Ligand code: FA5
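Starting off, we have a lone chain in the form predicted on its own, written out as structure tokens.
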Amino acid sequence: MSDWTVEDIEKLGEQVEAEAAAAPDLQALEQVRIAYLGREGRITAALKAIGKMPADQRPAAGKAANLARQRAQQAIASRRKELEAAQTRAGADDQLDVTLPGVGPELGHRHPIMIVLEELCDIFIGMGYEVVSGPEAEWQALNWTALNYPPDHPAMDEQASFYVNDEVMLRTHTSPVQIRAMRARHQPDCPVRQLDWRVPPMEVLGHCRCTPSPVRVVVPGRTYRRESVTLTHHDIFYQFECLLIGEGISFADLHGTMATFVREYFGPNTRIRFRPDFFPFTEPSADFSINCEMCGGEGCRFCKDSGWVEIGGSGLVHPNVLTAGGYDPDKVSGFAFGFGVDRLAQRRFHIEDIRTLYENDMRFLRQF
């Protein structure tokens, strides 16, 4: 409209109130706002046209235009509150509609590795052990040197392990927690507890000013190695480790603990076998096997006709490792053993491919 009159401007207020009240939803109400108060809206155009009116009409026209704008803003704001309240009520009515079918929460499932880990922890807690943990990004000094690894051991190569920097790496086993657990058993005021982890292992015992308490712990945790991923191997896997340190601990204690564990976990008729082996952190060392459950020890493809299935490694804690933990090897001794949890989960649930455990496929996990 090119020629505005005061009467035309006054009618705008009535028109916008009527259209706002008739708007069926928020989208239509927004179109009403744009049509009247937008950059090209009718009330906006009327305000711009006041300057072109005769001087005697401008005061009345300005007053009418401002009044029309106020009526438009109030009408639109009021209708918006009504529509929003209606939407809220509609949403609440939908939620409370008892005729709709129920939607229950989707229950989670325990991972097979966690099922095995929890059962292992329960067994050893029942034997008086404490469950402890340590960092997965570990000092090289604890992962290798404190555990009596020689400087030229092939496992320390970058092709075999994951390194963060020159001093930190992703742990290749849970054994570094042995050192952490031993030093934590010293008295609170003993310098060994505050000792830098990079102090040479043979110097640790010289800082001890107390008689540390015995150690009886198990260590479940995730470990990392540069390995080719196959049906039975993965570069990320879980280990479970046991450590006992005290006076007069012998291989007989190791055998008794292992026998109790395998009979509790694998069944009362399970037999255990030790064979000499070598590990830098134990002396003497042995791998341990159980009779094959597939063939009852008669020999089959699963056990490669031997009648035995290897589970893990074990041995008496090496004196150098005891020294690194601040224990005097002339006064105490101990044993340690460990094994892969993934392998136990594979056997427990008859999982052919170990990679299935880490794919997070809900079709697989819903089975547990």
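We number the residues from 1 along the sequence you see. Keep in mind the model is a prediction, meaning the values are calculated, not measured.
If you look for the form predicted in complex with this ligand, you will not find it shown, but the lines that follow are about it.
Contact here is defined as any heavy atom lying within 4.5 Å of this ligand in the predicted bound form, and by that definition each of Arg225, Gly312 and Gly340 is a contact residue. This ligand in the predicted bound form comes within 4.5 Å of no heavy atom belonging to Thr145.
Contact check for Arg193: every heavy atom lies farther than 4.5 Å from this ligand in the predicted bound form. Looking at Ile354, you'd find a heavy atom of it within 4.5 angstroms of this ligand in the predicted bound form. Contact between His109 and this ligand in the predicted bound form is not found at the 4.5 Å heavy atom cutoff. The partner is absent here; in the predicted bound form, the one residue of Phe237, Phe261, Trp197, Tyr129 having a heavy atom within 4.5 Å of this ligand is Phe237. Here is the short version: of His153, His233, Arg273, His255, the single residue with a heavy atom within 4.5 Å of this ligand in the predicted bound form is His233.
Partner contacts here mean any heavy atom within 4.5 Å of this ligand in the predicted bound form, and among 175-183, 79-87, 99-107, 210-218 they occur only in 175-183. Along 260-283, these residues reach a heavy atom to within 4.5 Å of this ligand in the predicted bound form: Phe279, Phe281, Thr282.
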